[in-house]
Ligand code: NAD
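The chain below stands alone and is given as structure tokens, in the form predicted alone.
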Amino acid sequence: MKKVLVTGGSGFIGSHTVVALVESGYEPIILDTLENSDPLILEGISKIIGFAPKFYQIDCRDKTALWSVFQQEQPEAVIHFAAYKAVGESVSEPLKYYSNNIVSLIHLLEVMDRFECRKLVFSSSCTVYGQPDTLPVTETSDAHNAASPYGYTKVVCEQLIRDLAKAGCPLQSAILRYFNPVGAHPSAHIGELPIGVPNNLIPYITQTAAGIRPKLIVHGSDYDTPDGSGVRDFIHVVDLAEAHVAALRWLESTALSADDFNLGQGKGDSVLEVVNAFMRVTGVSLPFEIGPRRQGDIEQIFADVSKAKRELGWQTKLTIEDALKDAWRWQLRLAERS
């Protein structure tokens, strides 16, 4: 069984990936500050997999703490999720995002090199593309048009990884560009758990449906899309977690030093389509109104995922309807606990 260090492993995507790793025979070691998560997620992981995975509450910017974990655990691979990820917040607090997202990767790479840990799966984002000129987006599309500081931190981190490869570093990396992860584990033991007001659409929908928020604001109705609202490529988080396992296996079999992959469903759904789909599959009425565009948002984007299918042997199995039902089940579970 191979040890895999999972930074940000109690976050939304990280927690689901920890479950997928265990189910595939890996031993995940979780690192997280719990700044944007909660011990509830660690409890949920334990319920799903039947035991409590090893957990270290540290910040990846703390190189001494990272060093200590590597010395004790000797991981053979790393999946790096730990980063701030709210587009809007990054616009208002860019220094916070540049400091955390870039410095944490630099320190992680330095420690990995010292301990000869040579395999990295890096959590990137479709935000590196900004508003693309053509759709669907392929991995060869221009990845330097990020529309927010958050997106640009991912551009810089990707470039750092590639520069290491060009410099002859023995590190092997899979750069995974997520589109819009949504949903929750079907057990409802783990899901998206935003701290404070949600920045992402689906938890805002479920919190509004649960009466926690008075109404949903749809940001923008004048985009050049069929219904005027923004279009995104929504991918179920369980499918996305499986992609990380596929990326690890790819790293174990490839001679390439670094490559990037789009991860999405390969089709776009508008915000209003998702709102209506939620009401249809749950039977729950959802109060919403149209508001102004949000700074840092783009009009529309969806992925060409043929490369991931071809190289990683991975493709999505779940739909946006599955994701909405699972997210609502998770929200109801949270309500039972409160």
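So that there is no doubt, residue numbering starts at 1 and follows the sequence shown. Just so it is clear, the model here is predicted, and its values are computed rather than measured.
FYI, the form predicted in complex with the named molecule isn't displayed, but the following is about it.
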Checklist entry - Using 4.5 Å between non-hydrogen atoms, is E43 touching the named molecule in the predicted bound form? => result no
Checklist entry - Going by a heavy atom distance of 4.5 Å, is A82 a contact of the named molecule in the predicted bound form? => result yes
Item to check | 4.5 Å heavy atom contact, I58 to the named molecule in the predicted bound form | outcome: yes
Next on the checklist: F12 versus the named molecule, in the predicted bound form: is there a non-hydrogen atom within 4.5 Å?
Outcome noted: yes
Checklist entry - Among 123-131, 164-172, 245-253, 69-77, which stretch sits within 4.5 Å of the named molecule in the predicted bound form, heavy atoms only? => result 123-131
Checklist entry - So which of Q265, S90, N262, S104 reaches within 4.5 angstroms of the named molecule in the predicted bound form, heavy atom to heavy atom? => result S104
Checklist outcome for this item: Checked 20-46 against the named molecule in the predicted bound form; residues with a heavy atom within 4.5 Å, sequence order, are L31, D32, T33, L34, E35, N36, S37
